[in-house]
Structures are given as structure tokens and as C-alpha cells.
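Given as C-alpha cells, the chain that follows is alone and in the form predicted on its own.
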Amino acid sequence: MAEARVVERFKKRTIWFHWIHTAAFLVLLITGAILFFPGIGAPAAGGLTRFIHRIAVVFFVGAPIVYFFLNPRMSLHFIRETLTWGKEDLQWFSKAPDYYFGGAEEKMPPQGHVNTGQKMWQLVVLGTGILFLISGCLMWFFKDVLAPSVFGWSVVIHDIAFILAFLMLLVHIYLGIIHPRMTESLRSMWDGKISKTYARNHYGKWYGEISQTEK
């Protein structure tokens, strides 16, 4: 019998934000890929594909802004968490290969609310998001006034950010959906809950902190 999932990991507003932002990103990914490939991008550039791409941008950029005003403390915590790296992260990197290929779980250093691997994903999301925003704004709003070289570099930066985000998304999907040790990760993004055992094994430092506050 499966252990009850009673530890709250995500609140409902965070889950809604995650899926709205994810849906917008996937639409941008698909439409961006169409625009990216030679022979397909040229006829699509001035039509429905570009229009859908720009509509998705509104949700991709707008969702974080709305979430920030609804939950500024959690938003700032996300940024601090993403940019804060220390000795525990180096320990995680050294032990992660063995762990993900079946090594003993207890050898992993206790992690906070997100582990180092998830912080890497957050860093890619934050970093490529900034690159997407800057380069996309230049291409969308300033195309007619930019020097050709500046516009060309904006396209290159946009494409590099796209490739980085896509590759990291594949890793994120694999670890969140397929990897046998991460079975509760996807379910936690539907109802926000994980089991106590999963919390201890994957986020031991964080679980220890919240367990103390509940006493």
C-alpha cells in the first residue's frame, strides 16, 4: 500500500503558475522551432505561427509578473534560492551520478526545499527567461530601428537560449516523469503533496525544518 502523501510542498497558486507558465513555454517551444528551421520558418514568419508565438509570450511573461504581485515573498525566495550556491551543492554534484544510477540514497547530502539539480533547472529558467525577454523585445519592437548586426545578434542569443532551455527541459521531463526515484515529483505538481518518506529522502534539510516548526 502506497504511503499517504500528507506533506504540503506546493500551494495551489504555485501549481497554477507552474502549469500556465509551462503551457506557454511549450507553445513558444513549438512555434519557435517552426520559425527556427530553414525552409519552414520563412513562410511561417509572417503568419499564424508568429501570431501564436507572440500571444504565448504574453502569458510567459505575464504569469511571473502576476505571481510576483500575488506572492512577492515566495517570488523573492525563488530568486534567492536560485542564486545561492554553497558547499552542499558541490557535495550533491559529486554524489549525484552514483545516486541517479542506483547508488545508495542515504549518501546524498540533505537538501533544502529544492535540491541542487532543481536549482540548476531554476537557474536555466531564470537565465534563459531574461535572455528571451531582452532579445525578443529587441526583435519584436525595435526590428525597424536596430542596426542589422544588433538584430542578428538578438536572433543568435534568442536561438542559443532556446537550445539551452530545450535541452534542460528534456532532463527536467525525464527526472520529473520517468526516473523511478522521482515518482512523487509529478504528482506533487497536481495536488502539492508528497509523502513523509519522500520528503526525508529528497529534501531532508527542508523537511527537518518544517517538522520542527510543526511541533
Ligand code: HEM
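Predicted model only: the values in this text are computed from it and were never measured. Quick note: we count residues from 1 along the sequence shown, nothing fancier.
Another form, the form predicted together with ligand HEM, is not on view; read the next lines as being about it.
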Quiz item: So in the model of the complex, are M139, H158 and L169 all sitting within 4.5 Å of ligand HEM, heavy atoms only?
Solution: yes
Exercise. Have a look at I65, I177, V150, L48 for me and say which one sits with a heavy atom within 4.5 Å of ligand HEM in the model of the complex.
Key: I177
Self-check item: Residue contact check: V125 to ligand HEM in the model of the complex, 4.5 Å heavy atom
Solution: yes
Quiz item: Does A96 reach ligand HEM in the model of the complex if we count a contact as any heavy atom within 4.5 Å?
Solution: no
Exercise. Evaluate F78 for contact with ligand HEM in the model of the complex, applying a 4.5 angstroms cut-off between non-hydrogen atoms, and reply yes or no.
Key: yes
Exercise. Indicate whether ligand HEM has at least one heavy atom within 4.5 Å of a heavy atom of Y207 in the model of the complex.
Key: no
Quiz item: Based on heavy atom distances of at most 4.5 Å to ligand HEM in the model of the complex, which listed stretch, 68-76, 102-110, 85-93, 117-125, is the contact stretch?
Solution: 117-125
Quiz item: In sequence order, which positions of 162-189 have a non-hydrogen atom within 4.5 Å of ligand HEM in the model of the complex?
Solution: F162, L169, H172, I173, G176, I177, S185, L186, S188, M189
